[in-house]
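Take a look at this one chain, the form predicted alone, written out in structure tokens.
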Amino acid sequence: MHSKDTIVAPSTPHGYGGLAVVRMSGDGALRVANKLLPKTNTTPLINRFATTLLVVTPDGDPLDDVVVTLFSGPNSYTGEDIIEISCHGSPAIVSSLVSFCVEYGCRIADPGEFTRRAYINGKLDLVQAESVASLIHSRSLDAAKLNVRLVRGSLSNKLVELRSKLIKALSLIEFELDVSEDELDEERLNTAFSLLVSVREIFSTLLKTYHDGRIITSGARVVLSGEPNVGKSTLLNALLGKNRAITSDAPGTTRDTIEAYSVVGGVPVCFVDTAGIRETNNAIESDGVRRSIEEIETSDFTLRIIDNISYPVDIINVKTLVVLNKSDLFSQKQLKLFLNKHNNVVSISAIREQNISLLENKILSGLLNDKFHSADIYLTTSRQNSVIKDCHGGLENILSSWNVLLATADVLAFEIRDVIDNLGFLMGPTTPDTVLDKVFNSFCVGK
């Protein structure tokens, strides 16, 4: 499928730089590119060769010396003819190039339209397209590595394999419906059952990867909580390696949440410094306490900070790590006794930046499963997780009701077909426009 429109957009961020890229896609891309060149130009554009050329204004005045690369369809990113123009990184030059392209017949691309055309023309499936957006927004090297694997088809190839097994199981059931007059062939039914079991198990394994995939790709939200003046803001500064939050000996200095981003062991983390939790009659501080509690409830992980070895450690869960701050104020004997009694507490001194690396390792362990990096394939978006969960649930219902469904094999075939259709929401064939709009509207216009 080729759109009638030829689209254009800058593919590099707005601003000044050494280079900028303007990209066109569509059947008219080569024609528009030739209009940008002097009438005396005799240098042909060769597929996948970069050519240094002068581009001119509609009046024939020189605009810029550029590098033009032609990617002929269908062997291009979008499946259409693509022209990429690398010019000097002046906003005036970029804006002029785009304007001239529009004057010569292009239209400005919608957000994500280049990748949307790649999807429509069969160059990418929807999982790969989503991963392109995630790759662009990667905030850590691990996130980039994970999304590159997805763009290159690691998850897509597995889903193709699973769909093939589902189709084979369906074909065995439908064959029996077509040819069997009395009893259904037990061997074929057992083969179909085994195929469905194997697919269900792989769905189950994929669902277990979503937590880590989401954390690595989208980042984690880690809340620093505790009573006033236990050193939450000082710890935030120590974790960031810079003074982001105001610190003071006066309790209640922080009255609203403060967010700051960092990368911990390859995981993008948003640290949230919260107001000290205590009873107060001050309306502003009370609202800060309310927000603190809300942040704790929605966080991926919480650091509960204390500064007293007599403080009761009583609300420990898998999402909470108790951190004893100001450890430099206690004797080694006091610390040893306390830590022996509470072996799941980390002692630090935020102001002296002691044991911060140990704390970061504990945070990482709390955010990711022990077997992180053991899988090559991860689910990374809530949409992927939701579809696979629906497919898994559909197979669970089929397998648990297998003997009942065999009495009405046509219903069994319908249920299997429904799982295949659900899987199509990930891979593309049955994906409605509303889903496509949601996926591609998050892209920049040049991608």
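Since the model is a prediction, treat every value here as computed from it, not as a measurement. The first residue of the sequence shown is number 1, and the count goes up from there.
The same protein has a further form, the form predicted in complex with a small molecule, not shown here; the description that follows concerns it.
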Exercise. Using a 4.5 Å heavy atom cut-off, which stretch among 163-171, 126-134, 232-240, 106-114 contacts the small molecule in the model of the complex?
Worked result: 232-240
Exercise. Of the residues Leu329, Ile293, Leu358, Ala92, which one places a heavy atom within 4.5 Å of the small molecule in the model of the complex?
Worked result: Leu329
Exercise. Which of these residues, Val102, Val148, Val263, Ile351, gets a heavy atom within 4.5 Å of the small molecule in the model of the complex?
Worked result: Ile351
Problem set entry | Partner contact for Asn325 in the model of the complex: the small molecule, 4.5 angstroms, heavy atom | yes
Exercise. Does the small molecule come within 4.5 Å of any heavy atom of Pro228 in the model of the complex?
Worked result: yes
